[in-house]
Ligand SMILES: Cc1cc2nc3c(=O)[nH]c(=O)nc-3n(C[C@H](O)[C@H](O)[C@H](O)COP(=O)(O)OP(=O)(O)OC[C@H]3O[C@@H](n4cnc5c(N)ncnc54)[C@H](O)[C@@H]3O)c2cc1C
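First comes one chain, alone, set out as structure tokens in the form predicted on its own.
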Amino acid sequence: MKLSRRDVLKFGTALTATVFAGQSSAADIKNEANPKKKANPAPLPKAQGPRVVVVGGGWSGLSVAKYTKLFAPSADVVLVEQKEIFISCPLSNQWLVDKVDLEFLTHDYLKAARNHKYTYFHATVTGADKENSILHTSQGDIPYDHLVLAPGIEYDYSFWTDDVALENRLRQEYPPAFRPGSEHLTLKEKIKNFKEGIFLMTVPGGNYRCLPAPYERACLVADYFKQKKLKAKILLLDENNDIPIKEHGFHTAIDELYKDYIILESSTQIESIDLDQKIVKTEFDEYHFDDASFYPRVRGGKLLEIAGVAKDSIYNRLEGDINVETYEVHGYPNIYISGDARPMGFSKSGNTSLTEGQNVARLIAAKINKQPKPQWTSPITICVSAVSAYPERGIFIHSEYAYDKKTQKFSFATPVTNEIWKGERGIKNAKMIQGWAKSCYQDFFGK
């Protein structure tokens, strides 16, 4: 089954933006310090209150923009986003196997801005003058009182290779599809056209985007192969010693539903990839594949480096250099980093970013409203994963986080889980998936 021309056109419209990488140079930095640099104002009306600029229209950025305006109505909120259309990464696994259509994942930035009384500004960030509080974009400069950076993730192939040509082929021919857009289109085409053999998928180490998502994807694609009665197997090469979340639910689903379709290899560190021969080598084994989707480790978005606010963290590389209680960049208390680019070990997932965005908005609004600083509040991770699509069955987790001020470390608070996918409980869990997504989309885009 081929993708419709309609789907292709929708994705093409959504992906007209340029990438952040390579936009800042030593010359740019020198010019930022030059007081004679010619002004290049963005085409925005004069701010009618303290201007809060939010960069990144993902789950965190949308949440910060909406709730900052809600909690501080006097604020002039501008959302800077390089894409023209929002496409959700959460629930994209269901789109890959035709359980939801593209309309379900696709939403209107302009509608969100109108409904929540902020400004959507379509542009790409090219630099930041932190000393003078000016954001440089492809459409001009934006002065700000408060700046929120929510660029999400980038892929980090350096754990596998330093060969730029190989990295480019991996990105182009075997994309991970954990950033919404063309990658998903390519992966869906691969799944639809796969007839037999080994379809290789990988699970990275570290705190990658959405811990259960690679296992959910493996289950849903295996279910699709099973329904089609294909002579196909998914080889899931996992860097982790064990499934890091919902392990009971996923293990039992793999063992009982997909024992003939999923081969799970844990503790596998990839040492070399030969795309011509279609061979992956680890320390002890060699694996052949017929098609693949390689999901590497992740790091904070390139925007953090462009803005000069990135550092290595204990969880992942080049994430935000912030005070973990206030989200403020060290040395720049009017700049904040939110969402998947933060250095804390929170889940890099939709509901976590949404609720964290609300917390960051409260911090900014308290400053604008000249109120006491709010106490640190845990983001909330709510995640329902499908283990089959036909029939729909799912597993569930709800968790918050505990913070130790002395050690400045975070840990999971006691989670509420339901990993039973069999019978009525599994069906009820699965029914929550689309309901949860609809409520989130309504939060971002509805009145």
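Because the structure is a prediction, the values reported are computed rather than measured. Residue numbers run from 1 along the displayed sequence.
Not on display, but discussed next: the form predicted together with the named molecule.
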Exercise for review: Verify the contact flag for E319: yes if a non-hydrogen atom of it lies within 4.5 Å of a non-hydrogen atom of the named molecule in the predicted bound form, no if not.
Suggested key: no
Point to revise | Proximity of V148 to the named molecule in the predicted bound form, heavy atoms at 4.5 Å | key: no
Review point. Counting only non-hydrogen atoms and a 4.5 angstroms cut-off, does G300 reach the named molecule in the predicted bound form?
Key: no
Check your understanding: K99 near the named molecule in the predicted bound form, any heavy atom under 4.5 Å?
Key -> no
Study note, to complete from the structure: Heavy atom within 4.5 Å of the named molecule in the predicted bound form, from candidates A361, A253, V309, V125, belongs to V125
Check your understanding: Within 4.5 Å of the named molecule in the predicted bound form, heavy atoms considered, which of V280, I134, I262, A177?
Key -> A177
Practice item. Given that the partner is absent here, state which listed stretch (347-355, 365-373, 326-334, 70-78) has heavy atoms within 4.5 Å of the named molecule in the predicted bound form. Key: 347-355
Point to revise | Residues L235, A292 and A430 all lining the named molecule in the predicted bound form, heavy atom within 4.5 Å | key: no
Review point. If we check the named molecule in the predicted bound form, which of the residues in 51-90 reach within 4.5 angstroms of it by a non-hydrogen atom?
Key: V55, G56, G57, G58, W59, S60, G61, V80, E81, Q82, K83, C89, P90
